[in-house]
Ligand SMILES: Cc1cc2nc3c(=O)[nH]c(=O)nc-3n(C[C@H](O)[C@H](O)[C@H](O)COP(=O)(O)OP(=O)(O)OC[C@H]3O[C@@H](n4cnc5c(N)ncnc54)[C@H](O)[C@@H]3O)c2cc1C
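First, one chain by itself in structure tokens, the form predicted on its own.
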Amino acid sequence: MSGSAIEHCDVLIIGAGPAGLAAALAAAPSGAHIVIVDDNPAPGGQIWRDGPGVELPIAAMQRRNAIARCANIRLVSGTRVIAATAPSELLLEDAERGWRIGWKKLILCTGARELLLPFPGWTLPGVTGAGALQALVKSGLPVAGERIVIAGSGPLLLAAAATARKAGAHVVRIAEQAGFQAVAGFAAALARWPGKAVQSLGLFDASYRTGRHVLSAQGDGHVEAVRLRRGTQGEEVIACDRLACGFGLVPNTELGQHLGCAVEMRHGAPALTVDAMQATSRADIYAAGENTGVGGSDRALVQGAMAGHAAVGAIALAEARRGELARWDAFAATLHQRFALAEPLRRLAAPDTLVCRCEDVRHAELAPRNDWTDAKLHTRCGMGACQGRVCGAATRFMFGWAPTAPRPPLSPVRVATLAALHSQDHSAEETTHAA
């Protein structure tokens, strides 16, 4: 990392998913110098993830091409945010270097991650998240001929199944924990959003069953079968080569919290608080997409555009999208109401089930603890490589614990980056004293 260079931009956007791309394109006509930072190798986020053999939707390609044509937008891929080094400055790191970037306006489009709930056998090889299965297949994981069970809750299960089927897998069961009436009610409500109704019809799968949830994964060294609860009808065991479980999404609020942005509970999970123009509680910082509450890519696109307009002072253009946002907010509310997680899912883990995989902490060690801090002090839960991103969300659901605010570094970082940062700060200090 250079000892003197600190980059600067007018608008810094963290995240190149639908919200981030929409924000950049909305801000671009102002002529502002815009930088988009994303940790993936290509823009698109999870929903528009690129990879070998992936045919991206037209909407994704249009936005990617539009970004490439804008001379005042620079896309920085494969790059992580490490920490804030000043009120309007972030430390970044890619595969080769670490550096600092300063901004006048910041738009957080950090998306969401899967909620993974521990159950017996969830650490067996071959068990992944539903979204993770999608990402792996799009990245080239061969699944042709494999028998796959997908379990959990929400439309992501169908999307993951469609991706696996297209890659040649045999999806033997899609187990949706929500009951038939809830799912039927959601399907009926889609008349208000015709595009979503058409999309759901295209994702229909004959293996889809409602009122079912995973009890355990079984196998010797690799998953070989999954045991499912069938509502009031007992249990069933299904042989499989792979199990993908996803129980919804959790907003990625860590960077926002690190920067001092307020959060609020939305649909049962903490989300960044924003006003009618997507501004957070901290001046000059905006947020858009799933980190403000999970609601799908259409909502993220509208929020991103509003944030981009607002960040460059085009308030009227942002105001013009508020009606459209209200429409997608209503969709999000319906989605969460119909696919709310059932109470039995809080009790999936057995006493010997690992909850914190990074630090090998089992459920029996956590059950006597009072809260997240107590658990960390006594068991090291949440103190591993993922810094509680997986087990923190799981224990919030299982025990009602609220994880503490994140501390830097926000991602694993090379010592060289931190050393260069210290050297740079020390040089600046000496220059100031000499002056």
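From a predicted model like this one, the values you see are computed outputs, not experimental measurements. Residue indices: 1-based, along the sequence shown.
The same protein has a further form, the form predicted in complex with the ligand, not shown here; the description that follows concerns it.
Interface residue remark: Gln46 is counted as part of the site for the ligand in the model of the complex, having a heavy atom within 4.5 Å. Taking the partner from the other structure, the ligand in the model of the complex has no heavy atom within 4.5 Å of any heavy atom of Gln278.
The shortest heavy atom separation between Ser153 and the ligand in the model of the complex exceeds 4.5 Å. Although the partner is absent here, Arg266 sits far enough away that none of its heavy atoms falls within 4.5 Å of the ligand in the model of the complex. Of the residues Gln199, Ser139, Gln337, Gln233, just one reaches the ligand in the model of the complex with a heavy atom at 4.5 Å or closer; this is Gln199. Only one listed stretch (141 to 149, 104 to 112, 214 to 222, 320 to 328) carries heavy atoms within 4.5 Å of the ligand in the model of the complex, and that stretch is 104 to 112. Contact annotation for the candidate site: Val37, Val81 and Leu249 all lie close to the ligand in the model of the complex (heavy atom within 4.5 Å). Taking the ligand as it sits in the model of the complex, the stretch 291 to 321 comes within 4.5 angstroms of it through a non-hydrogen atom at Gly296, Ser297, Ala300.
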